[in-house]
Ligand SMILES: NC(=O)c1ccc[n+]([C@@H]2O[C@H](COP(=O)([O-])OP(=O)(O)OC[C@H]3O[C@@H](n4cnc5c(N)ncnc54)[C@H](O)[C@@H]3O)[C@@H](O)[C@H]2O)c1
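Form predicted alone, single chain, as structure tokens, below.
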């Protein structure tokens, strides 16, 4: 896997780049409806000008596109388009498109190359990197998938200028996560420049993207198949988040929004179990207070939820073993770890309630 981050148009010279990486110039390009409208003509024209043979696919821009039905339909279009194992797939979009393209690439003809061209902050810093690709099942998120590394990850922060503010904040959750689990100095940088980053100001934006992508890449290289527990630290906040997403029917809550709420709960759990000291917790919560949510979202999608119901939905998360939830916690800021022993439900419920209290205060403050 090679990650390329550039301030120049990332599609410039794709023909030569593909050639250097032994990739065919026969490419299936997968967009969602939004990325097709925003970037489609430019990318497709560039590919045609550089001599590519192209098949274009488009899916609805929603989480529901990460499904067997969507994959099955796309398999059919590829077969009808005479796409064989000599082709590759270029994914242009956010996490949904990247995951779906990776899943199809891993399974079509028993595996063809995938190239990720992420267009959201979350995808640039997290989901496009690392090769974990999956689709959803009605009983749980990302339950069906593969390890299938992209041959290339092409990152151009200028694509983020098209995103609404909600998507920027959602992506920022994954960026902050890297500071929490792996790099206290980076966390301090994010604390200092949070406002500039979400405003897409340079050089702060590109620095945050590069550092996040670098941390993810380093973790993946050290623990590709999540055997040592290191890669599991990337799931900080996600056990809570996946329960929230399930209750929101994977429709009404962005993944990054769920992760930001989930990380807040994980911070309280880290403190309540005696790992994270109070001063560090307060510092972390100060950063979490910077996140902005659409009006009424916190109330509908978290504060009004029954905590016991959230706990039950967390049990559908793929990171549980023998119906025991697995939590990534913090020993200190910049050091995450996978807690091997099970946590009593009462402790989990207390962390949920603590986070609710925190967000109620934030809602009143704003």
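For clarity, every value in this text was computed on a predicted model and none was experimentally measured. Residue numbers count along the first chain shown, from 1.
The form predicted in complex with the ligand is left out here; the points below concern that form.
- With the partner omitted here, the stretch from 186-194, 125-133, 79-87, 290-298 that lies within 4.5 Å of the ligand by heavy atoms in the predicted bound form is 125-133.
- Interface residue among 173, 96, 213, 284, judged by heavy atoms within 4.5 Å of the ligand in the predicted bound form: 96.
- For the options 38, 54, 311, 58, the one in contact with the ligand in the predicted bound form, meaning a heavy atom within 4.5 Å, is 38.
- Residues 148, 223 and 233 are none of them found to lie within 4.5 Å of the ligand in the predicted bound form, as judged by heavy atom distances.
- By the criterion of a heavy atom within 4.5 Å, residue 217 is excluded from the residues contacting the ligand in the predicted bound form.
- Remark: residue 162 counts among the residues lining the ligand in the predicted bound form, judged by a heavy atom distance of 4.5 Å or less.
- The closest non-hydrogen atom of residue 246 lies beyond 4.5 Å of the ligand in the predicted bound form.
- Although the partner is absent here, residue 326 is not a contact residue: none of its heavy atoms lies within 4.5 angstroms of the ligand in the predicted bound form.
- Using a 4.5 Å cut-off on any heavy atom, the residues of 235-258 that reach the ligand in the predicted bound form are, in sequence order, 254, 255.
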